[in-house]
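In the block that follows, a single chain appears as structure tokens, in the form predicted alone.
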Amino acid sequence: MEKDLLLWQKFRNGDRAVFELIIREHYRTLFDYGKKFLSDRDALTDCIHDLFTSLWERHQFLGSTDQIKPYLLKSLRNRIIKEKQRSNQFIFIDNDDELFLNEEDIESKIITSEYTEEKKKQIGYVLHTLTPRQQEIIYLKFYENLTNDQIATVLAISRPAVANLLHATLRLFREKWETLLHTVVLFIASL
């Protein structure tokens, strides 16, 4: 966090090399997070570009932060929401489509190598039964490895609300997982 504070201060003072470092370090994370909101990748690229352009133009007036990644994630999220409200060209992904969790992303983080492909499919099924908000908090926690404080910043909710939502989501996941396993065991037993 001290590293982020120092980098951000240098950026705010107009250090272009630090700004380019921030872009290189966080572009992929922003793109991966943003594609969960936008189906149009060109529009997403434009949003990220506009975000960084705006940050550079306003660098002298920005506040201090010791957590660059959550700051950028929240800024991108807000920018996408504003663009959605301003223009109908942005198409949000429907609840039935992939949102925050897909097999390439979160499952590879959650599932360790000893699980079989079948178990990966079962976990994917359970994850996709969660609400978009529940999927988002799992994505931020387990894929982006954000702390509860950082998630609170990104989602603009309190830290206790993050803890409650995460707890409830993990409890629901566990219940759905146990139900699925029970169903599979009953099915196999009936064969």
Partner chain sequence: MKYYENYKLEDFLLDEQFRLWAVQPEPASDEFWTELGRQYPDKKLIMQQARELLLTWNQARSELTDDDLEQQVTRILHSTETSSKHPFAFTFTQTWISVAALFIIIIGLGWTVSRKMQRKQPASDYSQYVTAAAVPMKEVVNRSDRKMKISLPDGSVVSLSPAGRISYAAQFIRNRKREVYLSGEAFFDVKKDASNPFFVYAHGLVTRVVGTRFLVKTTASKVEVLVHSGRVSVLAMKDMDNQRDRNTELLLTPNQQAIFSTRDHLISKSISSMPLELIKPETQSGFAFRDQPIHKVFATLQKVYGIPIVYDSLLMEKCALHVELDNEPFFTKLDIISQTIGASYRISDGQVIVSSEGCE
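Rigid core here is just the name for the largest C-alpha set that superposes within 1.5 Å across the two forms. No experiment lies behind these values; they were computed from the predicted model shown. Numbering follows the first chain given and starts at 1.
Same protein, other form: the form predicted in complex with its partner chain, not shown, and the subject of what follows.
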Check your understanding: Even though its partner chain is not shown here, does S64 get within 4.5 Å of it in the predicted bound form, heavy atoms only?
Key -> no
Check your understanding: If you check in the predicted bound form, is I138 within 4.5 Å of its partner chain, heavy atoms only?
Key -> yes
Check your understanding: Taking heavy atoms and a 4.5 Å cut-off, does D149 contact its partner chain in the predicted bound form?
Key -> no
Review point. Is there a heavy atom of W56 no more than 4.5 Å from a heavy atom of its partner chain in the predicted bound form?
Key: yes
**Study point:** Contacts with its partner chain in the predicted bound form, stretch 133 to 162 (heavy atom within 4.5 Å)
**Key:** I138, K141, F142, Y143, N145
Point to revise | Large Cα shift (2 Å or above) at W56 between this form and the one not shown, core-fitted | key: no
Check your understanding: Once everything's superposed on the core, is E178 shifted 2 Å or more at the Cα between this form and the one not shown?
Key -> yes
